[in-house]
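Just one chain follows, in the form predicted alone, and it is written as structure tokens.
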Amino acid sequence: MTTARLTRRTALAAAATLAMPRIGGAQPAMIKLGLIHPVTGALAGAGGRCRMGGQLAIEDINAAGGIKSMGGAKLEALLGDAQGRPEIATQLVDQMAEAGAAGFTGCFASALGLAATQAAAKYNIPFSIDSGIADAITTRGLKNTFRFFPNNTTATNDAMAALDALNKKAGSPAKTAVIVHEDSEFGTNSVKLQAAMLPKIGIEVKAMLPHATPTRDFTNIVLRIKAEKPDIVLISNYENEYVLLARTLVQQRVDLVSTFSISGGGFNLKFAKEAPTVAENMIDFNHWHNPKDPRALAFRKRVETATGFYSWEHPFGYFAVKLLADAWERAGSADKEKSIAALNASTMSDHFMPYGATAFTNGQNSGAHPVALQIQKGDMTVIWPDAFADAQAVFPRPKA
């Protein structure tokens, strides 16, 4: 795989050649693909995992012969660090477009994705969102933006169905909730949806508590939670804050039926291993592979062998690239208009996510759905829906 790195100040168009020249003809042109993620700053961990997933997809596509309908054209990654700042994500799009990018993936955070997709729309360059669930990413009428994964409304609707089913099966012990959320696009969008939907499943929202990213101390927020005495705490934030809040809830001995997050940034196997007492039996409604698909298990093992840590961001990055490659393969071209037409007509089913074939409506894959996850015995398990479940739910959470 050939890679070019872009910063705020420079756009390096990599000059790459294949290891062996083609016999009897010229080498196919490289297809430059911009990968924009926060790989420094507060979001670096998750952003780096999305980037790695994308790089693994490029590696696999190139090893399998590249884009065959284009004579075996190989993909070349242009790497950009958005640093968690929307204005830098915009600058990177401009630099990569100048360097010849035929497509983009990114950006982990919704705020970055909103900025980057808007910038890419100026050039009509297709953008495949890997992570960033805010509805607005695909509801603004941008013709170049596509999301293989679920949006926030779908995730929240499905999460409420899962929570309702778990609660009713246990005799409805959860009747009240407090929502804790980060205060940027992801969290504010999430809390509005959750606050509107929880009463419909018989759960009263007692308080909505925002916080900044980063936040280094959750003591005051947790004391407010204790004062409200909710049955459930719902969490919508990024990795560091998620873990710190969960730890503080345990340290302050907050008595809960469950903690339940939707796209919880810190709900991952690292958390499960490093804080087993805190993490055990926490529930998150999130993106995950189909645990019954052998390809998913092989991909997880591959990532863990390379890094020691696997999370949902890895398949996010992987299939965001695969979606673009599938479009280029069917279009027989990396031309912008042809690529966008191919994405709109996509019926890609060669994946190991708990979805069917892709079906795009205004850039959103309407067939994509997350699943309910629970940390059990230090591992990630799927507990809902039954079609993909590999464990039974523990709900309510046992008292310490």
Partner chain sequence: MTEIVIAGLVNGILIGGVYALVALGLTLIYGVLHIVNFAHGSLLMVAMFAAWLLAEKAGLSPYAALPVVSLGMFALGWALYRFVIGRVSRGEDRAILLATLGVAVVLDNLFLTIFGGDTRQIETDLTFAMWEIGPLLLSVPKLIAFVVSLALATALWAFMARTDTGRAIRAVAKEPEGARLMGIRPDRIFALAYGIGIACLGAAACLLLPSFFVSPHVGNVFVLVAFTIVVLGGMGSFPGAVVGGLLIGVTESLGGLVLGESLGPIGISLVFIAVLLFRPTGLFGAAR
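Numbering follows the first chain given and starts at 1. None of these values were measured; they are calculated from a predicted model.
Form predicted together with the partner chain: not shown, discussed below.
Fill in: Listed residue that, although the partner chain is not shown, lies within 4.5 Å of it in the model of the complex (heavy atoms), from I201, A306, A275, A195
Checked against the cut-off, the match is A275.
Worksheet item: Within 4.5 Å of the partner chain in the model of the complex, heavy atoms considered, which of H211, R300, K74, K322?
Response: Spelling it out, the residue with a heavy atom inside the cut-off is H211.
Practice prompt. Kindly indicate whether D335, K338 and N344 are, all three, within 4.5 angstroms of the partner chain in the model of the complex, using heavy atoms.
Written response: Looking in the model of the complex, the three residues D335, K338 and N344 all stay beyond 4.5 Å of the partner chain (heavy atoms).
Worksheet item: With the partner left out of view, is D284 within 4.5 angstroms of the partner chain in the model of the complex by any non-hydrogen atom?
Response: No.
Discussion item. With a cut-off of 4.5 Å between heavy atoms, is R253 one of the residues that contacts the partner chain in the model of the complex?
Written reply: Residue-level check for R253: yes, a contact with the partner chain.
Worksheet item: Hey, in the model of the complex, does F271 get a heavy atom within 4.5 angstroms of the partner chain?
Response: F271 belongs to the contact set for the partner chain.
Discussion item. Within 4.5 Å, heavy atoms only: does G356 come near the partner chain in the model of the complex?
Written reply: Result no; G356 lies far from the partner chain in the model of the complex.
Item to complete: Can you check 57-65, 33-41, 344-352, 359-367 and let me know which stretch has heavy atoms within 4.5 Å of the partner chain in the model of the complex?
Response: Of the options given, it is 33-41.
Worksheet item: Does any residue in 227-245 get within 4.5 Å of the partner chain in the model of the complex, counting heavy atoms only, and if so which ones?
Response: Contacting residues: A227, E239, N240, V243, L244.
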